[in-house]
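Next up: a single chain in structure tokens, the form predicted alone.
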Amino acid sequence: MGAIWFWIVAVMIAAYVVLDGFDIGVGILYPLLARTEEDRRVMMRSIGPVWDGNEVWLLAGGGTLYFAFPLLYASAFSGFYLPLMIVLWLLIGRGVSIELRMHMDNAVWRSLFDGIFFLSSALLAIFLGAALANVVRGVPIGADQYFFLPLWTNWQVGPHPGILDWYTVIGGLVAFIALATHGALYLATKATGELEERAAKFSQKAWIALCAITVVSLIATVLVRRSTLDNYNNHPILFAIPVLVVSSLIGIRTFSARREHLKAFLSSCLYLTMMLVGACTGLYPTVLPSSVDAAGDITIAKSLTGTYATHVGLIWWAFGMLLAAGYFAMSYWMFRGKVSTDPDGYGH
């Protein structure tokens, strides 16, 4: 049951990154691709009906983590208190900017919320990437299974690092570039005319940076925590994961060149999923490694909740996921196709 719940949490986090990732990516590109007020409205409408639903996966993932691995939840949410508060405020900033932007027909009002939308989206991508890098690198877990991290120390990786160091900054850059590319590919499927062309061209240019930062991040991960290769070396079939990462990057490039925007976007979804699956595979069965002593690692066995709860919870989780899958299928089906320039509302 421990392995099942580990991968359930991993899948839910991946679902959040893939789905809310294009929302964040559109926010990052907002001041770069929009030339007119019409462009800005189209970019907002491209995510308008789905952005808040996509963020449900973050809440569901956190709730599942709390239910299945209470020790991990308690330790991580106390040790990462500062960045979690920053992420919370960034999520609030994005939501407020999307919902309030059109409440007043005033250029200054719209510009204010445009800036908040871009800044909160960009910083959110960086902090989410840095958060994952912190988990891969490890944190100074004490004998009581708790830890504290300052925002930064000397920017070096060591037994007592900060939230931000050279490795976690690389993680933040990976997320920033990957989600910007993801957002551009999504926007190319939803926009028309010049905005579609600008999004497609941006994704092709960003692809080069994405390939470069992916290679850098993989090398850095091996240098920081060589044990991430143990599962791969013990089970060579798992090297299919990096092969799929490379294949997805090739798919992005190939389909973008052919102007098959939907296939390019789906390739980006595969890239994000496989990068996260690869990280989880390297960590398993550890859920939060210690940067001080491997004996202090929080593992599945240490943090898993009781047997009765995991079995009953799996039934209710499956029921809830069926409802969620039905809702998302209906929502995205109704929102299929290109976004219109109708001045009223978010619709097509």
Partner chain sequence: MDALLLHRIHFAFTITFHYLFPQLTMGLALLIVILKTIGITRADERYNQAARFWAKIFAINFVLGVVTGIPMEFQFGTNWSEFARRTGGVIGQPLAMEGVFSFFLESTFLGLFLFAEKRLSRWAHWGAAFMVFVGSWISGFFIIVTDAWMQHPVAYRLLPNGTFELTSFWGLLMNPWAWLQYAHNMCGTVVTAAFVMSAVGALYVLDKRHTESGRLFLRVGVIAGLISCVMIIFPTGDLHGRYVAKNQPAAIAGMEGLFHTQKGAPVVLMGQPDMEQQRIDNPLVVNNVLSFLIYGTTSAEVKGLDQIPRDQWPTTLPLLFYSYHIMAGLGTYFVFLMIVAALLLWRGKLFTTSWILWPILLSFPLPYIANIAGWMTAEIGRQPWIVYKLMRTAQGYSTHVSVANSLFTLLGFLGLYSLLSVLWIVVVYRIIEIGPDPVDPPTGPRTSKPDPARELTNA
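Residue numbers count along the first chain shown, from 1. This structure is a prediction, so every number in the text was calculated from the model and none was measured.
As for the form predicted in complex with the partner chain, it is not shown, yet the points below apply to it.
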For the partner chain in the predicted bound form, the stretch among 250-258, 140-148, 264-272, 156-164 with residues bearing a heavy atom within 4.5 Å is 140-148
Is the partner chain in the predicted bound form close enough to 60, 308 and 334 that every residue in that trio has a heavy atom within 4.5 angstroms of it?
yes
The partner chain contact in the predicted bound form: residue 317, any heavy atom under 4.5 Å:
yes
Can any non-hydrogen atom of residue 246 be found within 4.5 angstroms of the partner chain in the predicted bound form?
no
With a cut-off of 4.5 Å between heavy atoms, is residue 207 one of the residues that contacts the partner chain in the predicted bound form?
no
Residue 17: heavy atom within 4.5 Å of the partner chain in the predicted bound form?
no
Sole residue of 107, 237, 223, 88 within 4.5 Å of the partner chain in the predicted bound form, by heavy atom:
88
From 218, 212, 229, 100: within 4.5 Å of the partner chain in the predicted bound form by heavy atoms is 100
Residues in 66-104 with any heavy atom within 4.5 Å of the partner chain in the predicted bound form
66, 67, 70, 71, 73, 74, 77, 78, 81, 82, 84, 85, 88, 89, 91, 92, 95, 96, 99, 100, 102, 103, 104
